[in-house]
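Just the one chain here, laid out as structure tokens, in the form predicted on its own.
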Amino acid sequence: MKARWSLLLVVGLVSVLLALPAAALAQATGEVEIFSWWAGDEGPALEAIIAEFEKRNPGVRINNATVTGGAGVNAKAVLKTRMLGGDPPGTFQVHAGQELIGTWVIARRMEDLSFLFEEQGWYDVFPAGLISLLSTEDGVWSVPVNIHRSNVLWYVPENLERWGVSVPRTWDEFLAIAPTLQAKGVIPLSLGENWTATHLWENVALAVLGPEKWQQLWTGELPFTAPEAVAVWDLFGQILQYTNADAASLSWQQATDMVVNGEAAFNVMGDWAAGYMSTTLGLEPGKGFGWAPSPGTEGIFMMLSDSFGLPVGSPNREGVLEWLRWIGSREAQDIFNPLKGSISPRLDSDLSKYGPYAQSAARDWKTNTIVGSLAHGVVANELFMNDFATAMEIFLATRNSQAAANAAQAIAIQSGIGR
């Protein structure tokens, strides 16, 4: 009898082991390089999931390789040198969408992760629209760790009450109250370095064009030289008259600080600003800072998603795969996103772990019209984005709407938009 039970135990154990994925039977070891631009104020969220990952995988040491500056501009330059030089990092942060697909997938520098999505059941827990954004006909290319909203207007409720102004629902309303704020010695809208100008531009464009025509810019159906597209630059130029003169020398955090400190009334920034104000500055959402859709975009959610993929030739493939399994999990995402100021892309996220802003964003994510961000890599490839920065510099120097529109259309043609 004893022998029979021993045999059954062995058979049962073998059955369990065979049912497990192969990767679960092997313990990941060695160093895994995580390449990102999440440093400084954005670092705590990444550090939190790294710490938990290392606790669960004691044989792995994470090399947290961050390159600071410019919403990833500096990091992308370093990444390009490494990828083209045959020295890819273990994995790297990238905006889901054309930033990855139109740059490194098309160059055959990334591995297909379809098998990982099947193994982990992610086809059932990530929205189909997001998976489509991560995919081509040949596979799925990255694991999303968050959803950020680009079109948010930030302010301090107490300051607006003191100045006697309300949150503008349209840009016309903003332009109407801006002189009142200036007369009180307040900068109506704070702005930072060049990329934050592009971020503001896409919010103005979404308000002027609406979601359908915004999408048509990126399919080539609406030329950048069309009258309504030129009108975006006209309105953008009017709004810039009410921004700070030292914008080019400020980071996005410093532009946010201007609102917090009462130097400026409003700032248009993605909801990583919520993470900065609540986690770093310790402000209470709803009281220390308030939020609304950027003027003219109520009912629209302009999204971006940070993700990680598997480069071809990654130095520790198995270690990276274990990292990807971890960051795609509900537990990891519900550690990361409340600290980052973003929401989880998973449909089964535990919203009780999130603050008031994130809960409101999660509601809007499920009910609003969803469009992709230009400034953060969703709708256009890196070639367009890099050259658009030059078009933006030209406009900031000249304020010539037609010239900026002509430049944007030329860049669209060169980068293959509409083809």
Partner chain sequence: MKSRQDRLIAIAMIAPSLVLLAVFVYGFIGQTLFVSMSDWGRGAALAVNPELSFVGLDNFRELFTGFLDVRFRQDLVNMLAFSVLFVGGCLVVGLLLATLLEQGVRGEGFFRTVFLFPMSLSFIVTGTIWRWMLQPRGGVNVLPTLVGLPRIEFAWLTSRDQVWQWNWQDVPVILGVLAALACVVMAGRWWLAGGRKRAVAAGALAAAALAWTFTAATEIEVLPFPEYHGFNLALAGVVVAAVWQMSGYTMALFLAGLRGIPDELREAARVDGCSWWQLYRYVELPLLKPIIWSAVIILGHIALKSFDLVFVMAGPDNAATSVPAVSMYLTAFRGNQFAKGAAIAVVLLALVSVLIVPYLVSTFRSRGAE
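The model shown is predicted, which means the values in this text are computed figures rather than measured ones. Numbering follows the first chain given and starts at 1.
Here the subject shifts to the form predicted together with its partner chain, a form of this protein not shown in this document.
Only one segment in the set 51-59, 346-354, 364-372, 386-394 has any non-hydrogen atom within 4.5 angstroms of its partner chain in the model of the complex, and it is 386-394.
Here is the short version: of 175, 131, 230, 248, the single residue with a heavy atom within 4.5 Å of its partner chain in the model of the complex is 248. In summary, among the residues 298, 263, 221, 119, the only one with a non-hydrogen atom within 4.5 Å of its partner chain in the model of the complex is 263.
Each of 74, 106 and 382 is positioned with at least one heavy atom within 4.5 Å of its partner chain in the model of the complex. Remark: residue 183 does not count among the residues lining its partner chain in the model of the complex, judged by a heavy atom distance of 4.5 Å or less. Although the partner is absent from this view, residue 194 contacts its partner chain in the model of the complex, with a non-hydrogen atom inside 4.5 angstroms. Proximity of residue 166 to its partner chain in the model of the complex: non-hydrogen atoms within 4.5 Å are absent; the residue sits far from the partner. Proximity of residue 330 to its partner chain in the model of the complex: non-hydrogen atoms within 4.5 Å are absent; the residue sits far from the partner. Residues 77, 80, 81, 84 are the ones in 77-95 with at least one heavy atom within 4.5 Å of its partner chain in the model of the complex, listed in sequence order.
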